[in-house]
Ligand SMILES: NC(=O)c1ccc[n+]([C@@H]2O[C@H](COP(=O)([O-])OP(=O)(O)OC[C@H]3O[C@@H](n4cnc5c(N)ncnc54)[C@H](OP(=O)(O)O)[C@@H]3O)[C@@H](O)[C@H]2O)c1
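What follows is a single chain, given as structure tokens, in the form predicted on its own.
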């Protein structure tokens, strides 16, 4: 299978490239500023804001599957318009599209959201992701819209980096006790996306972790895994800081789990792995 990973230089994109190459797929991947030091892919410069460039890359690669993991939270042109450009180019060559969306499309008013729930975003980023979904449904109805949550790894994610910086006093801020999500491990998410890409599935699929945890609990779990003093993590409440954001958003992945071989572990499981194996900090 020939796979094109759009946004391949990001945290999720690099894992998609790694797993695709390990599975023996022919892999191409795009980057915006500089290619990462990641083997296994033909790296291509691409700015998804330029529709002609997207068409040129997709035409040159002629992939069987396009996985769009490109986004930038404050940038509507990348997150929304860019997704539409990828969908149009993918549809033009008859390839499959798996688009990575987000739980940010929901306000949190309902707390529990399955694949049938209609987006009701309350942030600019959520609105951009919802707009991307609408565009993709219109131009590429066979596409998979894979909504996910906070993406965690074995130390390489932005969330983990922030938690370590807070504990060390290198960053200001707090971890909210009332902002709840369903974090997913990057390896689980990438495996699920590739499986969906190789299937005949279509439409919305929720691909998040099994546990609902607050950002503060997530911080404590990361700190304990990594041998960091969890007591040093500052806690706070979301309404006391900054503009409004969804509080409790829990993606119900029941329907998607029924059709996936890939297992979507919960944060309490994948963040306890090193402890269970006897790992200790140096």
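Numbering follows the first chain given and starts at 1. Computed from a predicted model, the values in this text were never measured in an experiment.
This protein has a second form, the form predicted in complex with the named molecule, left out of what is shown; the following refers to that one.
Among residues of the shown chain, residue 96 is not one whose heavy atoms approach the named molecule to within 4.5 Å in the predicted complex. For the chain shown alone, residue 71 is a contact residue for the named molecule in the predicted complex, at least one non-hydrogen atom being within 4.5 angstroms. Taking the partner from the other structure, the named molecule in the predicted complex has no heavy atom within 4.5 Å of any heavy atom of residue 162. Among residues of the shown chain, residue 206 is not one whose heavy atoms approach the named molecule to within 4.5 Å in the predicted complex. Residues within 4.5 angstroms of the named molecule in the predicted complex, judged by any non-hydrogen atom, belong to 31-39 and to none of the other stretches in 55-63, 253-261, 217-225, 31-39. Annotated contacts: 90, 134 and 201 are all free of the named molecule in the predicted complex [non-hydrogen atom within 4.5 angstroms]. For the candidate set 191, 122, 78, 84, a heavy atom within 4.5 Å of the named molecule in the predicted complex is found for exactly one residue, namely 78. Residues 7, 8, 9, 10, 11, 12, 13, 31, 32, 33, 34 are the members of 1-39 with a non-hydrogen atom no more than 4.5 angstroms from the named molecule in the predicted complex.
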